[in-house]
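Next comes just one chain, in structure tokens: the form predicted on its own.
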């Protein structure tokens, strides 16, 4: 049997942005039990292993997106039966955010099906951000591509996080999306970092990619100038009418393996179970938490697809002895600069 070199425990626990792709491949090649052991140990260095951060995601503008992302039911190019909806009123968003907070969420995320926001729409989004922050929640938005000027406006408004996923590896990307480039995505991430907002960036698994693509995606994320503060790992929800409607289900253990490698590569990031959780068994979610996932989307809907209801999540947490992570004390917001790191959780190692 070929010996696979593994970094020392001290090396695995360190925050690095100089990972070699060969090192990422080596982590993926570890025996499953060894990989989970290393991931859980590193997880405990930086987080309370029995706390999970809870976010809620609301679609504030649904459908009619001009992009051709092969997985997305909101693309105007696909007939998925989705009804188009205009941008919600600020008051509607505030009510939804208050409901999310009452259900235990500490972060409220707003998604709009745009290629990029228009200035008139950005003014409404800014009002939404202020309404969410007034409730004591962290704010997050995913609005498509941003210019530097737009990112600065959102930062000035107090937006805490901006989500913009890489989706998959640079090599596989062109088989999933043709209407924007990988570099377009990297440019938006750069604008978000430069504006001083926190980055939420991850990808989607189960789109027909191979293991090498999953390794390359995590390598891209882990070698950005700074690790994303949140790393959503989505499992494809195959929607009728999209080009990926007939995709074969992903091997659940391969999904957990990807979570574990993400934890090792980005030890201080929150790794989130995102889309596809509605199709995951309780046992698979428990393994994902063991592998280092420590964030979920809470609520019955993620943009346009289903999600486990809050009662089910509460019962699963009870069975696993998991508590919702409390929001760290708010830190001063520094537009166009660095945001101070959130307070580390008390460790129960």
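Positions refer to the first chain, counted from 1. Computed from a predicted structure; not experimentally measured.
Note that the form predicted together with S-adenosylmethionine (SAM) isn't included here; everything after this is about it.
- Across the options 210-218, 91-99, 156-164, 263-271, residues that bring heavy atoms within 4.5 Å of S-adenosylmethionine (SAM) in the predicted complex belong to 156-164.
- Contact annotation for residue 150: none of its heavy atoms lies within 4.5 Å of S-adenosylmethionine (SAM) in the predicted complex.
- Mapping the unseen interface onto this chain, residue 133 falls outside it, with no heavy atom inside 4.5 Å of S-adenosylmethionine (SAM) in the predicted complex.
- In the predicted complex, residue 114 approaches S-adenosylmethionine (SAM) with a heavy atom inside 4.5 Å.
- S-adenosylmethionine (SAM) in the predicted complex is approached by residue 144, whose closest heavy atom lies within 4.5 angstroms of it.
- The contact residue chosen from 72, 137, 125, 195 relative to S-adenosylmethionine (SAM) in the predicted complex is 72, the criterion being a non-hydrogen atom within 4.5 angstroms.
- Screening 222, 237, 259, 199 for any heavy atom within 4.5 Å of S-adenosylmethionine (SAM) in the predicted complex leaves a single hit, 237.
- In the predicted complex, S-adenosylmethionine (SAM) lies within 4.5 angstroms of at least one heavy atom of each of the following residues of 176-215: 180, 185, 204, in sequence order.
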